[in-house]
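Only one chain is given next, in structure tokens, and it is the form predicted on its own.
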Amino acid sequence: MLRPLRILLSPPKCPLTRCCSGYVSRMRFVNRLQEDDDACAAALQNGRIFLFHSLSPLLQRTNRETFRTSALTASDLQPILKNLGSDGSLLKESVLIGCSEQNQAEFCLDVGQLDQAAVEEQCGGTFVDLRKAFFLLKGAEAPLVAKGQALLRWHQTNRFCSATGQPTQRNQAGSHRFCSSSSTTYYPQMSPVVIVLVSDGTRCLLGRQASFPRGLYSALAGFCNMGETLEEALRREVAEEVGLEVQNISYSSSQHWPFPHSSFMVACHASVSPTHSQVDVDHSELEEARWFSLDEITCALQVKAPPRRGDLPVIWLPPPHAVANRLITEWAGLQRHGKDGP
């Protein structure tokens, strides 16, 4: 059975009532912007806007040769859009993604109809594919742009009502779309996915798809089928992909993942008996799957960026922002402390 959800955040450094007060006020502020078009339009004029071009976020290189997200205000962006031949209506296509700790509303906007090089020159940044951006960004920036891309993609692919075929209209915040013909309201959705790190007590099992970059391995994952529980989906996926029957399932954490099209990842640990650990890979699902020792995982965790073309082959893992990395790091830590699992 899945363990009860654990509190995963670090203990607050300030009194709990004060932290909750700030958090509650921000969440209620965001909720009001989602329900009040006029309030959202006003917040947009003073908010932070993160640009995307064909769903790739705009990043800026820092003095330390790292990258960070680049946010503009409406007053910054309006003359840029005008210089590039766009009228002011494009700004209204911004989608609300949250609120900063400084109580400033945050939005995302895709300017894919404008010339990419011209926007980059005007804004002093570079549009980077999101998969690559996940290795370049630190802290909370990667989840922020992931959420922005997911919402922008959803709006681009849900412009018409599935019942009537008529165009749907969005609210100002972009939190839903509405079909006046069928009176149907559509909300952004995520597809549930289970991701599991399987252990035989001293080793963990990782796999790779043929589409993965060379040397990249990750935990096993798959979409939940209609009517399945998470436990059932997890057991089925492991059985299908590697021919193993797992036991002792325990919950780790969850994460929104923007690939392939906005997934909700539920991460778990599971074990198999060392005497029943022979892997039988379904090559229609995976290119390869194999057991890794603690020493091998420790070396792979030290690879901080994907190897460049021409480098010697090396095993590497998903970026620190990915829940797969968290599972692997948790397992390695438990192994070092002499424990078999969470």
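Since the model is a prediction, treat every value here as computed from it, not as a measurement. One rule holds for the numbers: they count along the sequence shown, beginning at 1.
There is also a form predicted together with a small molecule; it is not shown, and the following applies to it.
With the small molecule left out here, work out from 104 to 112, 165 to 173, 253 to 261, 141 to 149 which stretch has heavy atoms within 4.5 Å of it in the predicted bound form. Only one stretch qualifies here: 253 to 261.
Original post:
Of the residues 193, 268, 205, 133, which one places a heavy atom within 4.5 Å of the small molecule in the predicted bound form?
Top reply: Looking at 193, 268, 205, 133 one by one, just 193 meets the 4.5 Å heavy-atom criterion.
Candidate from 243, 188, 222, 98 lying within 4.5 Å of the small molecule in the predicted bound form - any heavy atom:
Checking each option against the small molecule in the predicted bound form, the one that comes within 4.5 Å is 222.
Self-check item: Distance check, residue 78 to the small molecule in the predicted bound form, heavy atom within 4.5 Å
Solution: So residue 78 does not count as contacting the small molecule.
Does the small molecule get within 4.5 angstroms of any non-hydrogen atom of residue 209 in the predicted bound form? Within the cut-off, so yes.
Although the partner isn't part of this model, could you tell me whether residue 285 comes within 4.5 Å of the small molecule in the predicted bound form, counting any heavy atom of the residue?
Residue 285: yes, in contact with the small molecule in the predicted bound form.
- Query: With the partner left out of view, is residue 218 within 4.5 angstroms of the small molecule in the predicted bound form by any non-hydrogen atom?
  - Reply: The answer is yes: residue 218 has a heavy atom within 4.5 Å of the small molecule.
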